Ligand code: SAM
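Shown here is one chain on its own, the form predicted alone, set out as structure tokens.
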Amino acid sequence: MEDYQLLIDLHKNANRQGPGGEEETKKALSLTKIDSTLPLKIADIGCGTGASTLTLARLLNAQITAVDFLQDFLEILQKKAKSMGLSDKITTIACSMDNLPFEDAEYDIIWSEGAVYNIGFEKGVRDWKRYLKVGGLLVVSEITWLTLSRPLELEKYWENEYPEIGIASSKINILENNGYSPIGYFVLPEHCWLDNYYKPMENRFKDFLNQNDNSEAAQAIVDAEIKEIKLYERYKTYYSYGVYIAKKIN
């Protein structure tokens, strides 16, 4: 079995495929100042199994296009939406986030939690802008340094994993240089990492390994996740996800 499929197996039954939280999704939504009664068209890009998609669908008068390149995740989202009576508000599309089948100026909001790193923050905010109406909103979370200097071990790890990691001012500068007016920013708190993402993942390790016959490939994935968890626990004051809210300007 390919490592790719193993990663799907580890994460597909999780509520979240990355750090985040329902209250934080609500906080980001509140910073948009959107009138929740207005009919909206939203794209949730890199939606995973739909934690943010479902929250938005519950709270807004919206038609949401949920995009992920993994059909396995979208099928779980579809089941959750059906059980919550939200199927009529959510359409799923399996495709890459750098090859989206959208029309220009189609959406009021583009939402993406913990996923833009797959193509890079700058490419994401630049390429997705065309799909927003003028005055439309981009809400995106991005791995962000919280300090100007960091321990060398931490820098080396993230430079290898995601060279685009940067401080918030550099991300805001990218938004401004690509036709957006930033209107809000906040940092995901510790519980979004530990309670909502890492601890539930740790609880799945044993079953995941058993289901995959304790193979070397499965163990390697668990070992990599454990390394990341320990790194966060040691250096959590230096980095988190920043949530950026910006408006497309004319």
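Keep in mind the model is a prediction, meaning the values are calculated, not measured. In case it trips you up, residue 1 is the first one in the sequence shown, and so on.
This protein has a second form, the form predicted together with this ligand, left out of what is shown; the following refers to that one.
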- Message: So, residue 78 and this ligand: in the predicted bound form, are they within 4.5 Å at any heavy atom pair?
- Response: no
- Indicate whether this ligand has at least one heavy atom within 4.5 Å of a heavy atom of residue 146 in the predicted bound form. no
- Would residue 165 count as touching this ligand in the predicted bound form under a 4.5 Å heavy atom rule? no
- Query: Does at least one non-hydrogen atom of residue 198 fall within 4.5 angstroms of this ligand in the predicted bound form?
  - Reply: no
- Task: Within 4.5 Å of this ligand in the predicted bound form, counting heavy atoms only, one of 62-70, 178-186, 33-41, 203-211 shows up; tell me which.
- Result: 62-70
- Query: Quick one: of 154, 86, 97, 172, which gets a non-hydrogen atom within 4.5 angstroms of this ligand in the predicted bound form?
  - Reply: 97
- In sequence order, which positions of 25-63 have a non-hydrogen atom within 4.5 Å of this ligand in the predicted bound form? 46, 47, 48, 51
